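First, one chain by itself: the form predicted on its own, in C-alpha cells.
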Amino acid sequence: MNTLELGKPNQDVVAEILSRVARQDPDIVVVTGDSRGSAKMTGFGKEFPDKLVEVGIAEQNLVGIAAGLASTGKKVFAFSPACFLTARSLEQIKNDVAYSDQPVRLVGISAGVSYGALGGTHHSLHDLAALQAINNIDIVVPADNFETAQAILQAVDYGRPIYLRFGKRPVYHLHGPSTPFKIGNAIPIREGRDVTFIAMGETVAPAVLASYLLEENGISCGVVSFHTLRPFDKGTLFEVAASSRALITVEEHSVYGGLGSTVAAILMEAGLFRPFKRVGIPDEYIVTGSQEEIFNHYGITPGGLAQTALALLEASHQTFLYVPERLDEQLRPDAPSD
C-alpha cells in the first residue's frame, strides 16, 4: 500500500510561522491562557516578551482581552485548549468577537480527542457545532503542515473573526509546496468514481490511506480535504457529488453539527442524493484512551474507513455487491491493525 511521510505537529508549524511573521510585523500579538507551553509559544514569548499576554486560567478573560486588543488594530492570535476555549468562553466568542466583528484569530489547540486519556472533559467534540451556530466567525481545520502554514499566513491579514483548530500529534504530509491554498476552498487530493471521502483535519490522512487500499482492489476512491467549514466550498462539494457514486464524511468531532451534518444538509437542500455515511464520534459516552486508540475504536483508520466504504457500496447496490477476496482478507477483524 502507498505510504505517507510523517511531518511535525501542526502546533509546531503555527509557532514557527508566527515567530517569523512577528519579526516583520509589529502588530502581531499572542494571548495565552496558561497554555503557552502546550501551544508551543514558549519560544515566541522569550523572543517577543512584549508581544505575548498571559492571562492565566481565565478563558473568558482571554477572549475579551483579545477582542479589546483587536479593536486597537492589533493582529491577535488567542491560544487555548479547544475544549475550554469554545465552551467556557462561548459567550465572549459570540458577543465580544463575532457580534462585535473583531478580527480575533482564535486558536483551539489539542482539539478533538488529542488529550486522549484525560477523558470527555478535555475532548472538544462540540466546538465546530457550537461555532457554526454563531454568525460571523469562520472555521478552519488544517490537515497537514502545509495547510497549517498557509492558513496561519492568510489569517494574519484576514480581517474577520476566525477559529483555527489544531491537534497535538505529528501529522502526515498530504500536499506539495505548490498546491493552491485559500481559506474557503477545499483541496481535492484524489479523484474517485465509486466513493469519495470528504474529510478535515487529522482524519484526512487515514482517508487517503484508505483510498490507496481500496484502489489496490479495484475500487475508485477519491479524497477531498475540506479544511474550511465556514465559508463552505459548496462548488467543490457539488462537483464531487456529481462525479462519485457514494460519499463518506470523516471528522474528529461529533457526527452532529460538524462536517457530516453540514454536507448532508447542503446536498439535501440542493437535491443531490447519494449513498452517504458520516464517520466521527457518535452520540455516546466516548471511550477513554489515546487518540490512536479512540480512532481505532470508531473506525477512523485506513482499514476501518475502507470497511465503511465497502459496506456503503454494498448496501447502495451502486457498484460492488461483494467484498473482493484480497481486501476481505486484509480487513478481517483479526488482521493486523493499521
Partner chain sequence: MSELSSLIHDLELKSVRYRKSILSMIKHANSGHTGGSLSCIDILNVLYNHVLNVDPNSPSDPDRDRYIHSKGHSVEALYVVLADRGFLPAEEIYTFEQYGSRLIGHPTRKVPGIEQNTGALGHGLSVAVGMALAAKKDQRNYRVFTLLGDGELTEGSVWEACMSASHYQLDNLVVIVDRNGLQITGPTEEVMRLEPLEEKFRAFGLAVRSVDGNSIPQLLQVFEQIPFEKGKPSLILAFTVKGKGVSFMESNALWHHRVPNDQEYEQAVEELEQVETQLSGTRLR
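Note that the structure is a prediction, hence the values are computed from the model and not measured. Numbering follows the first chain given and starts at 1.
The protein also exists as the form predicted together with its partner chain; that form is not presented, and the subsequent description refers to it.
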At 4.5 angstroms, heavy atoms only, are E5, I187 and E239 all close to its partner chain in the predicted complex? no
Just to confirm the contact call: exactly one of 280-288, 66-74, 43-51, 305-313 touches its partner chain in the predicted complex at a 4.5 Å heavy atom cutoff, so which is it? 280-288
The one residue among K94, R245, H122, R230 placing a heavy atom within 4.5 Å of its partner chain in the predicted complex is H122
Using the partner position in the predicted complex, report whether R88 sits within 4.5 Å of its partner chain, counting heavy atoms only. yes
Given that its partner chain is not shown alongside this chain, does R274 nevertheless sit within 4.5 Å of it in the predicted complex, heavy atom to heavy atom? no
Tell me, yes or no, whether D27 is in contact with its partner chain in the predicted complex, where a contact means a heavy atom of each within 4.5 Å. no
A117 within 4.5 Å of its partner chain in the predicted complex, heavy atoms: yes
Taking its partner chain as it sits in the predicted complex, which residues of 50-85 have a non-hydrogen atom within 4.5 Å of it? Please list them. E54, V55, G56, I57, A58, E59, F84
